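The chain below stands alone, shown as structure tokens; this is the form predicted on its own.
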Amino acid sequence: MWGMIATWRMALEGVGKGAEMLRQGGDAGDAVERAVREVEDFPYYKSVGYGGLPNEDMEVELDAAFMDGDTLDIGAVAAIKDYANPVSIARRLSGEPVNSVLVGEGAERFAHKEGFERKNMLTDRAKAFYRKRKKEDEQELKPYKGHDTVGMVCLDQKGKMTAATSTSGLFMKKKGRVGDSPIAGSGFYADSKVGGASATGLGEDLMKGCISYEIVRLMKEGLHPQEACERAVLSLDRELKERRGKAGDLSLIAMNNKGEWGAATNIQGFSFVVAAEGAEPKVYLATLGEDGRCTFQEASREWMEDYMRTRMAPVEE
């Protein structure tokens, strides 16, 4: 038994590559790293890696993380600039006994020492988005609401589970801002004895519930991944609204060590990708009901075509 689940349609091609590795008996760490790198390298996905949207100073600061569910080893980088494939740097850090989470200049120094590819991650397309945003908000720049982290959970044939994330964070964020994605227990968590989970949405609110760990904890108590995701998202959404009057975007995916999966969200429009033994990778769309529970349907060909057409359309400044 093997499987992989990931946030957002943008993960489809990467999950396809990872799934082929798993199908052939490959390692969950190798598969999830390969899958995330595929997203990081595609310049038209403007919330991850190369082509990611910049902060308010027009700098691309990237966050990424990796977790090995067998050993519980964690590696992460935050606010790293000018290095390709931060997920690979995070995975390398997961092998360090200490200093396994590095930020900013320290992360860049480690990446240089270890021979990772130095690359200007700011594309002309991202610059055009930045200039357009500046014109639209000349009075006061506020972070763009879209924050589509790619997060993945992976299970290989040996029962090993991994989780990984990668993002450029909020568009127009403050320099040095870090969300949930590289924070263990919030943006991701994996335990091969139980399962794994990963988050996407507003990091500042996702961190308030340590929500990825909470989902794994609920699965450990015997809940199916779907029930665990729904309970965790509903609970945090309700708690935030009671205490603060509002809740940011919260979307989660999970898989247990049996290959069963689940997803939940408090928004409309959340998409995710699932690959499993005996089935090709599929994109699902989540529909949020009035009771806060989600139903899923496979994305239509028309939806898929419109998705890519929108992502690759010229930027009109």
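Treat the numbers as computed from the prediction; the structure is a model and nothing was measured. In case it trips you up, residue 1 is the first one in the sequence shown, and so on.
What comes next is about the form predicted in complex with a small molecule, which is not displayed.
Partner contacts here mean any heavy atom within 4.5 Å of the small molecule in the predicted bound form, and among 152-160, 168-176, 216-224, 86-94 they occur only in 168-176. Contact with the small molecule in the predicted bound form holds for all three of S181, G203 and L206, each having a heavy atom within 4.5 Å. This chain is drawn without the small molecule; in the predicted bound form, the residue among D148, D191, E108, D237 with a heavy atom within 4.5 Å of it is D148.
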